[in-house]
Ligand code: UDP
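Given as structure tokens, the chain that follows is alone and in the form predicted on its own.
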């Protein structure tokens, strides 16, 4: 048997945060089981042969809604400003994305004199839809057919392999629509990047003698050998945990292709989106964000696919109904002190700060449960 006070399945942000809190504050021995050969999950970054730090699984643009999460992470890293500026390539021009006032002025070749002016203009463009049923309806009702056709439709089809009318409105609703000139990709003002990268931050988080890590280990292949004293925390796919009892949830994956260039910079900003050109969805030059000084740069291209590691839950009615069945089983497992958290486990695309916030909230639940378990054991001994 492989025994530990706490067994954590997955060494991503959720696993690292909970291992940190449980090992330091409750003095519990934590075993992290990770199928990859590294921790930090999709936030993992590493140095390439040119000495450039790059994000192996796509860019992670860290931002914070509140200082509580920022203050917690600040124990493990220093920060640099997060210069997250993204452009989208449409009709051989680069436009600001998310859609903002400058995008609208460039695309429609006109100036807007006031907020009311642009609101009146969009009101003329938008399609009247009584009930917003899907991702297509959402954009048509907000911005009209021209913006939808040029900026959203083909990007969504490429990204998801599904027409927007067959996807939840939350898919296109994730990207804000602005009627100001804010150029940043995210709306939060607290935009930061770990100075020495995500991986170093998470390594420092779990640098504790109470934390053991088993890399290159598939939980499902060894779960019968595992025994936990207090808790098991699972951060993987819920359908896999329950042996696909109700069927498989659908996920979208990515293939990344990296190329080094003997130039200081190749792009004008960190990310270019390509809704209507090429098979890849975007190119990322993370050096714009990491602020490294080098005569070399690295560009990544992202190709969405249905095969490979799960990245994005495909949110539609069918998958939501299926996940609800698994969610009911997950809720029942709480009485056995088995808990599910994270993007994969909750079948929800959380931002990194949201995932960490949820992990901190789960810790508070586990802390209360731990005290209850200890008091019950003390009563039995008496």
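Residue numbers count along the first chain shown, from 1. Just so we're clear, the structure is a prediction, and the values are computed from it rather than from any experiment.
Just so you know, the form predicted in complex with the ligand exists too; it's not on screen, but the next bit is about it.
- Heavy atoms within 4.5 Å of the ligand in the predicted complex are found in one stretch of 203 to 211, 112 to 120, 151 to 159, 261 to 269, which is 151 to 159.
- In the predicted complex, the ligand lies within 4.5 Å of some heavy atom of residue 282.
- Within this chain, residue 185 lines the site of the ligand in the predicted complex, having a heavy atom no more than 4.5 Å away.
- In the predicted complex, residue 273 approaches the ligand with a heavy atom inside 4.5 Å.
- For the chain shown alone, residue 175 is a contact residue for the ligand in the predicted complex, at least one non-hydrogen atom being within 4.5 angstroms.
- Put simply, of 171, 249, 299, 143 only one has a heavy atom within 4.5 Å of the ligand in the predicted complex, and it is 171.
- Checking 88, 134, 199, 290 against the ligand in the predicted complex, a heavy atom within 4.5 Å turns up for just one residue: 88.
- When contacts are defined as a non-hydrogen atom within 4.5 Å, none of 94, 256 and 303 contacts the ligand in the predicted complex.
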